[in-house]
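Quick heads-up: it's one chain on its own, the form predicted alone, in structure tokens.
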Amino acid sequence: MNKLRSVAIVVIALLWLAPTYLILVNSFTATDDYDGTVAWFPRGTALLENMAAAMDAANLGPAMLHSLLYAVVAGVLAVLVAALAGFVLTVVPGRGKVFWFWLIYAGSLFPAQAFLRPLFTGYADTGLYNTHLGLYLIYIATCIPFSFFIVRNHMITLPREIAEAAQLDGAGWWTVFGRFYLPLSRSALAAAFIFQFVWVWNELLFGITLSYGEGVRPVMAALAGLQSTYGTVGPPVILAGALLVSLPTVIVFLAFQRVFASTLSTRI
């Protein structure tokens, strides 16, 4: 049984990695040498040249900086708001906790396409369209529900005696939250931040709908613009650009993989 499971895992991993392998191999081909067929082995050494061409053609440098700021700021603020909401619904006495849980968590259940048109109209009417503030707001708002789900599920596992003991010593709710529950929830907060960082970095729909200028648009919107120049720059340059913009998420996962794996296996 264990052998069969191992074989299944290897097969699934190979199928999962096959598209990434093809992107990597074909991005080594120089644009002038590309003949339209899929290469299963490297046909050149033009990966760095293709990445540089993608950077110039789509102006990916500023777009990557924008996405980095969107992902970090939205991830941090969304996780903090989610932690506060999770604390209130798990520790602070009150009524209607089930209602508030489902109201907040429902934000992660509805598809973005359902409210995209009224969102676009509202942004256009209020001057938030094609602004950094507009993208910060939508990314923070969309990141809160799932972060809330992760952090709240972790806080449920913490002993209630922590808050009761702190209150007997005269601590208020803000002190209990800031000095006890936040430090004890570091692994869940880190896992939630990683999820939201990767989601914001890879987000395309809001990026192309709520922005158009190079001074605002995120990196995936810039990469989508590069694909529109398919006939000019060539497929190897587009594939190299896709690899380039994927590197930050890989680095984040490698840097926080232990925290991420331990949190998923023990707390969530």
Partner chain sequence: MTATTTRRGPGRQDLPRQPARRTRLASHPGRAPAPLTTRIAFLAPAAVLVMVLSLAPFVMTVWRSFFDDSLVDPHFNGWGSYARIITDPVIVRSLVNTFFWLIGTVAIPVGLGLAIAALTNSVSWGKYARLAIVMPYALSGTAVAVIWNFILRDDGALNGLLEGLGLGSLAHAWLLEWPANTIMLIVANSWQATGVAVILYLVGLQGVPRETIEAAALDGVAGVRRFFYIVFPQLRATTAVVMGISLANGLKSFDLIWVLTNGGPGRATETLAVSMYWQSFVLQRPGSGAAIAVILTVVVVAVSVGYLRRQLRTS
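Only the largest set of C-alpha atoms that superpose within 1.5 Å between the two forms is called the rigid core. What you see is a predicted model, and the numbers here were worked out from it, not measured in a lab. Positions refer to the first chain, counted from 1.
One more form of this protein, predicted in complex with the partner chain, exists but is not displayed; see below.
By the 4.5 Å heavy atom rule, the three marked residues 48, 62 and 233 all fail to count as contacting the partner chain in the predicted bound form.
Taking non-hydrogen atoms only, residue 177 approaches the partner chain to within 4.5 angstroms in the predicted bound form. Although the partner is absent here, residue 34 is a contact residue: one of its heavy atoms lies within 4.5 angstroms of the partner chain in the predicted bound form. Using a 4.5 angstroms limit between non-hydrogen atoms, residue 40 touches the partner chain in the predicted bound form. Under a 4.5 angstroms non-hydrogen atom cutoff, the partner chain in the predicted bound form lacks residue 58 among its neighbouring residues.
In sequence order, 137, 138, 140, 141, 144, 145, 152, 153 are the residues of 132 to 155 having a heavy atom within 4.5 Å of the partner chain in the predicted bound form; the partner itself is omitted from this view. The two forms, fitted on the rigid core, differ between the shown form and the other one by less than 2 Å at the CA of residue 199.
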